[in-house]
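Have a look below at one chain only, the form predicted alone, in structure tokens format.
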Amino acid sequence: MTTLSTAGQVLRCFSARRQELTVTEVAELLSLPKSNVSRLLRAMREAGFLESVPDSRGYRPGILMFELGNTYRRDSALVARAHAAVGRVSRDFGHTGYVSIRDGADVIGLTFHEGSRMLRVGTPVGQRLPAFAAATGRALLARLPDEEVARLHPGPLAPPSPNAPQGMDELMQRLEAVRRDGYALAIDESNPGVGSIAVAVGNAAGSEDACLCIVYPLALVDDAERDRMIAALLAEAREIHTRPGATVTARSAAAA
């Protein structure tokens, strides 16, 4: 493993739930010698990728990572369009909305619009979830050929709940339904009591994907409102599709 790839693994250790990490914690997460990790973290701090936490032995992502993240969001026309689209649906229905992307076999929330209802649900932006067990993840996986989906999941699936796909056969069936229907649902999967609807879009070159998603408390949303939200997300995806350089799916209409 090269120094650069190891540094990438270090950065992936951070999340919304792990915003600070010590040398010992990183060494345990990556199964590496503490001496090697200590030298690497110091080098990453000197390069601006990390910074020391005051009055602590911990490290956290540096300002350079923040600046790069904001640059990515600003420079991605697809993400900007998706963010605006989710904002309109979130405002109309009062539920929290997300724009997510896929990174390998994981899905990550990039931007969000907080819902306006008294009871709101959601997942922190930046938190990784297994794509197969999230509506957004399945929307994005559905844009891939089955062979690529299988390559991303070489081992047995580890479903977080009984409502998530329990194996590859079930996952493939759900992805086929996403391609057929243009959207995907998650009910009581990664987050108990939470439902989510998502629709994936991508650019014409196939080099970038993003997912529109609305999350809601299951106790407060009936089938009729859910169907209205599905229709609203699909309409927003079609609007993105009409602009140059975007496609709703790789094969038909994908969602999650």
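In case it trips you up, residue 1 is the first one in the sequence shown, and so on. All values reported here derive from a predicted model rather than from experimental measurement.
We do not show the form predicted together with the DNA, though everything after this point is about it.
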Find out whether any non-hydrogen atom of G48 is located within 4.5 angstroms of the DNA in the predicted bound form, and reply yes or no. no
Can you check whether R228 is within 4.5 Å of the DNA in the predicted bound form, heavy atom basis? no
In the predicted bound form, N191 touching the DNA (heavy atom, 4.5 Å): no
Heavy atoms within 4.5 Å of the DNA in the predicted bound form: does A232 have any? no
Heavy atoms within 4.5 Å of the DNA in the predicted bound form is the criterion; list the residues of 35 to 55 that meet it. S35, N36, S38, R39, R42
